[in-house]
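To begin, one chain is listed below as structure tokens, in the form predicted on its own.
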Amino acid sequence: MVLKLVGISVAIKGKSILEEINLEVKEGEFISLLGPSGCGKSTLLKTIAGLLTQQSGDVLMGQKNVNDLPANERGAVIVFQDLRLFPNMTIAENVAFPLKLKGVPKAERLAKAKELLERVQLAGYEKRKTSEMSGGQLQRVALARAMAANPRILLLDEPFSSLDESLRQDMRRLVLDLHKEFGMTTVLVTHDQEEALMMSDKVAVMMEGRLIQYDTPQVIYDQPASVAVADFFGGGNYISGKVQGNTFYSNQVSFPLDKPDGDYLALFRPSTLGLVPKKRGYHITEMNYLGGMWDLKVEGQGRVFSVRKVGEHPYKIGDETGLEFDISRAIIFNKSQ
């Protein structure tokens, strides 16, 4: 199902939370709402689900405006971070609950619950209680319950944030498998940049209640719309310079740049810098191992640069070196914007 948001603005207790959000998700797409805590991601998800009412704007599912439809009639199901499972019910009863609300006979809904538990790799857990399950298992139960509602749109509100990294990886794979198997349109809320980049067809970056950039993960990372977006993905080494006659000039590096004359910032992420052993001008002041790669701090010309080196390297603190810039991967910002 296509999901379209047109001019969505939300205020809670007189405080503006969302401002003029416009967003379109194609049928079967997986997108992430990404941004720092408090930027309005979860509020937008709840507005899509019908749990919050917008002050202005429209929520369209398919070609239908659903502003006046209650949550249970929208065809969207939301999985919360706290899961909201019923401790007094068995696992099968939890999964079957949406079917119970629809009046499906008990035998039929429990059979469906068993089938869905098998799909989330919990076959044989039907009679257990939530208190007998681990956090990762409960995440799977919540997903199975969401699938039982046969959603056209699946909404996930940071469902993996309480899990350790290995379980997060397992749950990411499971969610993507279910997304493809059921052909759902899926919207994930996350503040984890890696999660958004690896899982999504598109990423919507939100800040202070506004949608800042919406594009593919590669474009978001390689062509951030602003310094704020670039910094949210780790930033890097910023170099101030000027463009004159289609050339960027700075104290550290100069290169051809087809931009109007003016003041610019060139961002070089740590992976785009290299060390030149036979040259001088810089020296290594710090080395930190990150698992499979090293982050080296290189000082010279009055500033410090961060350089990432994959695998082992021959350098040690105090070594002198030159610095090279991969100008093909420079990210350029106009200072006047």
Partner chain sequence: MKKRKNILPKLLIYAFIFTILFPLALTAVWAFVGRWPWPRLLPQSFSLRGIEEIFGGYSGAFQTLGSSILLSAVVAILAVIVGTMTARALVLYDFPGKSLIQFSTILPIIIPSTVFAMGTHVLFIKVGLADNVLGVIIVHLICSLPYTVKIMTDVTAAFGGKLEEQAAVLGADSRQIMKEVTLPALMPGLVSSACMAYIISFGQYFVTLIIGGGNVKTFTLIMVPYLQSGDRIIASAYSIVFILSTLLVFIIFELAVRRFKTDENHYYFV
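From a predicted model like this one, the values you see are computed outputs, not experimental measurements. Residue numbers count along the first chain shown, from 1.
Form predicted in complex with its partner chain: not shown, discussed below.
- Proximity of residue 225 to its partner chain in the model of the complex: non-hydrogen atoms within 4.5 Å are absent; the residue sits far from the partner.
- Put simply, residue 180 is far from its partner chain in the model of the complex: not one heavy atom of it is within 4.5 Å.
- Using a 4.5 Å cutoff between non-hydrogen atoms, residue 88 counts as a contact of its partner chain in the model of the complex.
- Under a 4.5 angstroms non-hydrogen atom cutoff, its partner chain in the model of the complex lacks residue 316 among its neighbouring residues.
- No residue in the set 234, 296 and 309 has a non-hydrogen atom no more than 4.5 Å from its partner chain in the model of the complex.
- For the options 215, 93, 157, 192, the one in contact with its partner chain in the model of the complex, meaning a heavy atom within 4.5 Å, is 93.
- Interface residue among 221, 125, 80, 248, judged by heavy atoms within 4.5 Å of its partner chain in the model of the complex: 80.
- Of the candidate stretches 263-271, 94-102, 225-233, 162-170, only 94-102 has residues with heavy atoms within 4.5 Å of its partner chain in the model of the complex.
- Heavy atoms closer than or equal to 4.5 Å to its partner chain in the model of the complex belong, across 43-67, to the residues 46, 49, 51, ordered by sequence position.
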